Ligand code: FUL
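Here you get one chain, nothing else, as structure tokens; it is the form predicted on its own.
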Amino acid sequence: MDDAVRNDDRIKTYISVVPSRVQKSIQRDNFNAFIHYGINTFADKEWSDGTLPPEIFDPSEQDTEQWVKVLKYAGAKGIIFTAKHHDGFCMWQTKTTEYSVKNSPYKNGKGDVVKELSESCRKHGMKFGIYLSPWDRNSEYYGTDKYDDFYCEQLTELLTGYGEIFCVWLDGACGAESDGKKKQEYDFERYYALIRKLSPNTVISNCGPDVRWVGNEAGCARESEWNVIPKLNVGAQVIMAASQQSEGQNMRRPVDILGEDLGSREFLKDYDEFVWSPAEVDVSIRPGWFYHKNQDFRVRSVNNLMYIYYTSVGGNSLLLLNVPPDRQGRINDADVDKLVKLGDRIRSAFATPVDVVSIEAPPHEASNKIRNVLVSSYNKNSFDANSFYSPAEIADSYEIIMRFKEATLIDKVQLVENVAYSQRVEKYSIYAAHKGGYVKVYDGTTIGFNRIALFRKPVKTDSLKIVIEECREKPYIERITAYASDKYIPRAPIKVVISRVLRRARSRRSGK
């Protein structure tokens, strides 16, 4: 077999990998909220060892309605709640252990935070998910053959007693040695099978087959995020090893355990098995994951939150933003202020799609004409749509020209591939009409299920040209939407700027 035929076969293999039904569901709703709240909140700790007395869990004004309303306003589509953290304290009326809210003063032991939050989510049209840490520092069964039975009982209670659960988020932390206990070998395959049986529409995230951890807890997304990656890179054990960080370590530092490039042709050539695996950027609005009063003045800025939004949600990744309630049981005013402004910024950024009067592209196949990509609403329900553009012939490049009703100040273009046909675009550029010609305003690589191509500065133009320069066979484009500028472009954090400069310098030295 010659190299050309071999390469063609490999490309066909890559584009045969597509998302599952549950992966499509979470990729549509690509911004969710994390809520870390429990006994640690009342002990001013990030991690506790399972010996804190239940009596300290006693919120005076717990208000899950407030949580949901604020997070929905910020733009989140769902909430994932810490039903049990590593300390083993259960936030529901469990039958599996006495270490739970049933032995706290909250509502005289009758409180059930999982129930209250799930009901608030349903009331306000938000999805509800759970975080259930496999590491349990309180359970007498941990490190024994009985623990997996115990853990599966807890999963069963949560998946059968609280309505629809859109996501189970499995942490990989396992620090049993620090407690003088035998290390528990988690039976993840058993957990997966139980979740699929009890709740087949539930996404299994982080240490799971449906959504992959991005590799850090600092809000850092890759510049080129691929969904089709080698099967070897998504194992739960790999994530577990990187998750075992002690409480004293810096939880916000970048931990690039999975590498910068997971899906280019050059990277994939050394592998034979591939999976569809979207990345999730999990990050806290504060330095810690649980609430600490001394961090009230260290809440992330709106600029930083918008930068994370554009590079995650707008970078073919999912965003999971942690917002921890305080000891009263409410989201603190400092966080509320930033979340309200974040929601306003997101809506402002996508308030005005530019009117397109004409669009042209290479001849289309079947009914997949180029006008199919023109839609007016941001976050349109994707993936199930039969409306998209695909050219009739495979070519070296593909040029799409959009002309507008009038010259408009533009700072972003949203691009979406129809991922029912996999992820195909590898490199593209955007040009704006200027003084009788075109000037380049954006260089891009991957698109996937959502790419927000944010320009470095707004440009006034009456026409854009998008050139797909490298592609796996031919593209299947679901949407192209240009947006009028709201005159706000977030600044990259200084660490990101320095990293980019160093990376470009390395590339120049290597001749790439």
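In this text, residue numbers run from 1 along the sequence as written. Since we're looking at a predicted model, the values are computed, not measured.
Not pictured, yet referred to below: the form predicted in complex with the ligand.
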request  = Name the single residue among Arg424, Arg222, His86, Lys412 that comes within 4.5 Å of the ligand in the model of the complex, judging by heavy atoms.
outcome  = His86
message = Exactly one residue in Val356, Val302, Leu194, Ala173 has a non-hydrogen atom within 4.5 Å of the ligand in the model of the complex; which is it?
response = Ala173
key: Proximity to the ligand in the model of the complex (heavy atom, within 4.5 Å), stretch among 28 to 36, 66 to 74, 477 to 485, 456 to 464   = 28 to 36
query = Using heavy atoms and a 4.5 Å limit, would one call Trp47 a contact residue for the ligand in the model of the complex?
reply = yes
query = So in the model of the complex, does any heavy atom of Trp169 sit within 4.5 Å of the ligand?
reply = yes
message = Can you tell me whether Tyr131 touches the ligand? I mean in the model of the complex, with a 4.5 angstroms heavy atom cut-off.
response = yes
request  = Answer with yes or no whether Glu217 is in contact with the ligand in the model of the complex, where contact means some heavy atom within 4.5 Å.
outcome  = yes
ask   = Relative to the ligand in the model of the complex, which residues of 282 to 314 have a heavy atom no more than 4.5 Å away?
value = Asp282, Trp289
